[in-house]
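Given next are two forms of a protein chain, the same chain in both, each as structure tokens and marked structure 1 or structure 2.
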Structure 1
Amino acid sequence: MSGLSLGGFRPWRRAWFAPLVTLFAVYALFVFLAPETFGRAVNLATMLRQTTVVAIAAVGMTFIIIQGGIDLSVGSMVALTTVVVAWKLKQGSSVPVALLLGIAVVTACGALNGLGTTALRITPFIVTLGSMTILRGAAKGLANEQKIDADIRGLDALVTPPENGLLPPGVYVALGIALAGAALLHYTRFGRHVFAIGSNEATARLCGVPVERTKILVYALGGALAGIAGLMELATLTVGDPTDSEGLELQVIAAVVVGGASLSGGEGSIGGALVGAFLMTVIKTGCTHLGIPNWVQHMLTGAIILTAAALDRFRRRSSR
């Protein structure tokens, strides 16, 4: 068991060094090319705010990918959260009740994803592909296929910069979640179990790791964090939108992979996921400031993902 645990810990310290260097290099490049706009402090604060939703969801996705799974339903969970919370607020519920219900619903959905991969023995890709469609349909049905306008009662303050010019509270929430997630992943028995399952599930089972229970908890955690990301999205949109966040799951997965995680499982870190998430935002914002067409931005993002996957494969071959 100790070998499996340590095996998950050795690579994480260096796996996201390359993405971090890339982030600094890309940021410096855009500052050089567009110093009048991109290099301003207000732009940095805006990019941090825009990264909040992906960053929070990426924390949960990091756990899922490290233990050898994947979750394609994240975007649908975020949209469902905005709809559930807005729906409850429109009905007159208190803010805490609406927020807790929204998070609880998608946490349960995450747990069901985990149950599908364990009890039914269906591959995570198929389970979460199905739930992605089901949850999107549920969000549209609950919202009667339209946006839900509701008084969000100050929730927009989460993503609104205060008058003193500091970062909005949502950025600090994302940072706090990332720190808590990193501590849980790297310094607890649960985290060691996650790494062990991703490194070698059969051996982890022989070593006494509760594989099924851990997988369900990991997917439930991913659902809960998707719910919190949904609250940030609602604070930004100020409406419950069942069509929102389509394709968000790809951004979240890309952030985790670009940050050094392996889709084969057993490797990854929260810090790397945050670096990957912010790198994607920097590229998108920098291209916008330079007037680069959207289709070029998509191509650059895809090229970065492919490069990260290729580096992961090269790293794994060289470590054998």
Structure 2
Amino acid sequence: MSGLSLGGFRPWRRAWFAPLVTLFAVYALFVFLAPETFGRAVNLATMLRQTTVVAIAAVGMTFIIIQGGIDLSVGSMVALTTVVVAWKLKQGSSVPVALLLGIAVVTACGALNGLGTTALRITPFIVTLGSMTILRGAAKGLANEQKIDADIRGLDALVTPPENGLLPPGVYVALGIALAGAALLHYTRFGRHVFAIGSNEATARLCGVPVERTKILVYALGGALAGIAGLMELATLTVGDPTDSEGLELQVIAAVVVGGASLSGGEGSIGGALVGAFLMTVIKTGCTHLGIPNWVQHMLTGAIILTAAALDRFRRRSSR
């Protein structure tokens, strides 16, 4: 369960197996149906780029969900980051200062989420529902209920493929973050503590795990990653948009859970979350390429979420 299986390599036992199978099946289907457009390498590159925001946020959400929490404020955090950075840039700050400030602000918001669940002991759902609303308001207020149109000074290079390559730097950033996240989760004490708290908080406390500190760190990490996702979003939008990313939280949570995590904590994997995030993009892109109407696309997305989850149940049952 915890990614520490030391026995033989049995991929069908892994959390990311069901979503990966679903992904391949869906991908193959779309390639079959639209080989000339969907099957092109540049389309793959585009889809990878479109996934970066959700993927980066999903890495943070994986930690939060494994730890037994949830973060509904991630969409608002992403929007707030685009606004803060655009606002700073407009004020004439240098790019690094603006970026760091943006990330620092949402990291602090994440830490506050963590404080709410620990010091005030309110359920994470409610704490982050509250901060989702508050941060959305803050973003709108800071931006004067408008898009902030600043010169983003080359930030868009993050999501623009270089002259001689296919993939923009942002995709590599996301991959790097995912790898670092996976290492943190599986090979450090902090990561094991995250699993332990999600699995049984009382036990973890009894074992001397610094439960409060770990939780706050996890939420702060989630915030920091939402901040980086926000930078990608700003690089894409080129304006600071306070209404941006409404509902992103559900996409991110869906990606993580489709990727095999359990909302009751103690289970989940970063690989699975990435696969889940990419699966969503594939469905969306494939539907557009086939000219499938929006409403069918909605229904397909839902059906595929359910299929992946049902496949995952099957894995769990057979591993008993």
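Just so we're on the same page, residue numbers count up from 1 along structure 1's sequence. C-alpha atoms forming the largest set that superposes within 1.5 Å between two forms make up the rigid core. Computed from a prediction, not measured in an experiment: that's the story for all the values here.
Asker: Do you reckon the form predicted together with a further copy of the same chain is 1 or 2?
Answerer: If we ask which form is the one predicted together with a further copy of the same chain, the answer is structure 2.
Asker: Determine whether the C-alpha of Leu23 shifts by 2 Å or more between the two structures once the rigid core is superposed.
Answerer: Comparing forms between the two structures, the Leu23 CA shifts below 2 Å.
Asker: How many angstrom apart are the two C-alpha positions of Gly302 between the two structures, if you fit on the rigid core?
Answerer: Its C-alpha moves by 2.5 Å once the cores are overlaid.
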